[in-house]
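What follows is one chain in structure tokens, specifically the form predicted on its own.
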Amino acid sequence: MSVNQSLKPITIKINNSGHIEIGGCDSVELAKKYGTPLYVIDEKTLRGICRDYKEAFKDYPNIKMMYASKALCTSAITRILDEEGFGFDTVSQGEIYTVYKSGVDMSKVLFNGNNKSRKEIELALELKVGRFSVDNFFEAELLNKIAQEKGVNADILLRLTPGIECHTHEYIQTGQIDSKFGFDLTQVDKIVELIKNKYKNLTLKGVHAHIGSQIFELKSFSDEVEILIEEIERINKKFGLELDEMNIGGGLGVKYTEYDCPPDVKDLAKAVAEAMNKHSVKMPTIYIEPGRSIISTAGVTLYTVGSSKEVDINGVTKRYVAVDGGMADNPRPSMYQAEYVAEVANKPNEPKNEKVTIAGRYCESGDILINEIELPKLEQGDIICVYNTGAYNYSMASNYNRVEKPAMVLVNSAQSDIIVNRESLDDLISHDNIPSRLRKE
């Protein structure tokens, strides 16, 4: 079983104090030391899934592992992924700068995104990122112009929309024709002609697609690979090119609840290999860009229980229990109706004899983290541990209600280290400015 099929980090256990332990660290003590809400990343789980991917694809000679940085991008996470031999799929100058300052070989970095600015393109060229994934006609023209001004050449992939609709939330589908991303297949010849005949500072290396996120159906990946390899063959034959790179994106699902059954990474590798073997052409270099399936299971979030209330709904009592975080540190339930599993970190072995709804502390009725979960009787001060929060929680966090963003700690072998500092009140106002005419004398 690969790590992405686990609901919890691989180091989770109940210690002698009767508390949930992660990475050899007592979660209740972590909450006391660092405060809550607190993002916790288990290093062994993170490295474990990286090695699952490398092991699964070891028989394919031309594979390049790329981490989709948007899932969680911090300097420490970047260092770990770099040590594990991964490159980086980036979608902003902030992500590019983070991996650069972390000491990454920038030839292992790809710059993706549907509306790259001039400033971002200039930085990417300056730092010598390895590949640009060109998303549209406007970008191709702009990138060529900037590269020409700088007297450099940009190696590119064409991002395509292969027309594959995955059975996932509509907001995280990206491979269907009706998408803001990429060239549809009817536009490919036009952009290839422009690159070949006009955009002399662009070198076309291959094609790129990303069909969605939280995908459980391996056939979606098989279909994608077949479409991309056929398109490479067609382009090479029609235009006399030798494209030999194919980026199939990421999107493999993870286990958020007991009802989720994501595929094993080995099965993904098998599906990709079988789709490739249907073609007799020279095998291209394959890039794969897992993000969620790399970091999600490694993360948990700790909260402290505060207020509670009960309401009577047609004779049925419903209990709300509020924690000290919510939609600002995890917007996924509000955005995607995402579901999570949680336990009470300080009493995980007590009977789960109460059904409660875990509410956030923000001023929105929709700020509900988990609707109706069975837990032990909750009291003020209890520590709630929510599983599988490594991906898109910190990345999508906000300062809604002017609340400080949480800290993040990395745990491994009973050691905990801060990798993102908790924001202070002064951090919140550090970019504010009061015009002189409004200042008090």
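So that there is no doubt, residue numbering starts at 1 and follows the sequence shown. Computed from a prediction, not measured in an experiment: that's the story for all the values here.
One more form of this protein, predicted in complex with a small molecule, exists but is not displayed; see below.
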> Which residue, Gly182, Gly291, Pro262, Gly87, has a heavy atom that falls within 4.5 Å of the small molecule in the predicted complex?
Replying inline: Gly291
> Out of Gly212, Gly299, Pro162, Gly206, which one falls within 4.5 Å of the small molecule in the predicted complex, going by heavy atoms?
Replying inline: Gly212
> Would Asn112 count as a contact of the small molecule in the predicted complex, using a 4.5 angstroms cut-off between non-hydrogen atoms?
Replying inline: yes
>> Just checking whether Tyr392 would be counted as a contact of the small molecule in the predicted complex - the rule being heavy atoms within 4.5 angstroms.
In response: yes
> Just to confirm, Lys70 within 4.5 Å of the small molecule in the predicted complex by heavy atoms?
Replying inline: yes
> Can any non-hydrogen atom of Gly250 be found within 4.5 angstroms of the small molecule in the predicted complex?
Replying inline: yes
> Any chance all of Phe137, Leu194 and Lys198 sit within 4.5 Å of the small molecule in the predicted complex, going by non-hydrogen atoms?
Replying inline: no
> Taking the partner as it appears in the predicted complex, which of 77-85, 182-190, 99-107, 329-337 has residues with heavy atoms within 4.5 Å of the small molecule?
Replying inline: 329-337
